[in-house]
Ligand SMILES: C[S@@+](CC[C@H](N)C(=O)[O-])C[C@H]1O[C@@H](n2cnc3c(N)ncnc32)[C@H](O)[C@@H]1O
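Form predicted alone, single chain, as structure tokens, below.
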């Protein structure tokens, strides 16, 4: 992924469109913004770092775990383009509705947000994925999500406070650490 692709995605997918009306004035602030239900719209700097690590390409199949208000789902949709697929999953029913409504305004029919199935991490029935983005902190590396990665696939996931980049190469898993960040817990 070229830096200019990421810059275009951030320019064309307005964070304000993914915030509650009373918080839209905070869209330009580089910090997390509460979106209700104990969830946040992540800090733009953090999202940029995660997307750089994820290295999304046109045509990729991407899973967005903890899609929240839909902002990261829309950014990913912009990056994969109409030949790709982005599946967002979210546990909070009201955020599923809010995020899906926000996403619909962008007309990217190759993107969606669905309710996460209780007790199931990710969307294994639609795996494998070229890329998986997790926007909540896991206590340990989620093996269920590693198993949903395609050969050569990459997952970016906060584990504790560490941002991990996980790449699957057959049975081998390459894990690198990329700084500390704060996220709501993965449930």
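Positions refer to the first chain, counted from 1. Bear in mind that the values here come from a model prediction, so they are computed numbers and not experimental data.
One more form of this protein exists, namely the form predicted together with this ligand; it is left out here, but the text below deals with it.
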Stretch from 35-43, 124-132, 55-63, 151-159 whose residues place a heavy atom within 4.5 Å of this ligand in the model of the complex | 35-43
Site check 9, 51 and 111: each within 4.5 Å of this ligand in the model of the complex by heavy atom = no
Do residue 136 and this ligand come within 4.5 Å of each other in the model of the complex, heavy atoms counted?
-> yes
Give a yes or no for residue 80: in the model of the complex, does one of its heavy atoms lie within 4.5 Å of a heavy atom belonging to this ligand?
-> no
Indicate whether residue 85 is a 4.5 Å heavy atom neighbour of this ligand in the model of the complex.
-> no
Contact test in the model of the complex: residue 89 vs this ligand, heavy atoms, 4.5 Å | yes
Using a 4.5 Å cut-off on heavy atoms, which residues of 62-84 contact this ligand in the model of the complex?
-> 65, 66, 67, 68, 69, 70, 71, 72
